[in-house]
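Okay, here we've got a single chain as structure tokens, the form predicted alone, with questions on binding and movement later.
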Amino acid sequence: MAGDEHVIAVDTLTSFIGSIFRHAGVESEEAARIARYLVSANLTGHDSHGVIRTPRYVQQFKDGLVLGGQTISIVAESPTHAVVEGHYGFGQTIAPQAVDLGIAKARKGGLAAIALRHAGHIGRIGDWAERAAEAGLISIHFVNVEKGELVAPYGGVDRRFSTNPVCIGIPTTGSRPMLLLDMATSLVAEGKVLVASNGGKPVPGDALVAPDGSVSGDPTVLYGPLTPGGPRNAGGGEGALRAFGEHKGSGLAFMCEILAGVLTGGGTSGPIPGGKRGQIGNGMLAIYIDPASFAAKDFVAEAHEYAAYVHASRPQHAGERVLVPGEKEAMTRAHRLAHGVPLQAQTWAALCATATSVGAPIP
């Protein structure tokens, strides 16, 4: 433990999270997969999509809002596209199935689009872009959350969007860092507010907007009154997250709702029937491109040559480095693999409380 943080070895943390899900009733292989992907998010510095989600996932599983042991089914299909139903299965099970279908189709046809609907929370979208990149494919992902209103549109204060990530992955070779853009269209992801509410890094002072139009960095604007280590209900507060980049982020978020919500058939973030959040589902429109099927020769090498050129730009501030998309995640992963994953004391307490509730041993 360092200050108000616990630093946990990666293997210990992964085993602990897997044990929690097994004791909650999730089959062993699926429990291990969920744990692996949650810890993967922490390793890249995306703590908002990491093990902090465990108590919420377990409660959703207990309530029947997310289901174990699910397999995607195909609603519509052609050689270069498919619409797939996730049956509200755990996202860490459903998403890789959908991604693998896209990879297989793109390898045959050079290009594929997969419209996934009704998946449980699919976590860090970068994991799925990395999966495609490891298969030698470019991928582009647009994501929304059915019945998951959290974000106010530009110029508004009422929730209309979810945090709606956009992600683009570029294949790599050898020891080169992954070229990966993975971002929420909100100024911060909801999970970062969750981390801040547990005593982690504060969110910017203008990340949230209150009903009166004032901006704030106080998590209670989103969650309402907080209990240390207690659950965080995103429907408990009266405020909203703000879109990044004013009209630009708001416009991207809107298009994510259309592509990942309307086109997939999974539904948009709102309106929520009765105004109460219940079963939510991720939608994702993913496009997979095989560079070998396009005219660009030596695509991977040239992409990384350009990345090196950008990286070599003189820094604005002495002692800092210019980074390319995905580089910071790669650096964080290397550091945390070597030194362990830091968790806020309240996050650790919430994990231990969840473990105790399902009878899982605490390391």
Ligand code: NAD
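Quick note: we count residues from 1 along the sequence shown, nothing fancier. Given the structure is predicted, the values throughout are model-derived calculations rather than measurements.
Only in words, not in the display: the form predicted in complex with nicotinamide-adenine-dinucleotide (NAD), which the text now covers.
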### Message
in the model of the complex, does every one of Met183, Lys192 and Glu329 come within 4.5 Å of nicotinamide-adenine-dinucleotide (NAD), counting any heavy atom?
### Response
yes
### Non-hydrogen atom contact Gly123 with nicotinamide-adenine-dinucleotide (NAD) in the model of the complex at 4.5 angstroms
yes
### Message
Under a 4.5 Å heavy atom criterion, is Val145 part of the interface with nicotinamide-adenine-dinucleotide (NAD) in the model of the complex?
### Response
yes
### Query
Hey, in the model of the complex, does Ser269 get a heavy atom within 4.5 angstroms of nicotinamide-adenine-dinucleotide (NAD)?
no
### Query
Do Gly68 and nicotinamide-adenine-dinucleotide (NAD) come within 4.5 Å of each other in the model of the complex, heavy atoms counted?
no
### Query
For the chain shown here without its partner, which stretch in 291-299, 41-49, 60-68, 26-34 has non-hydrogen atoms within 4.5 angstroms of nicotinamide-adenine-dinucleotide (NAD) in the model of the complex?
41-49
### Summary
Checking Gly261, Gly91, Pro165, Gly169 against nicotinamide-adenine-dinucleotide (NAD) in the model of the complex, the residue with a non-hydrogen atom inside 4.5 angstroms turns out to be Pro165
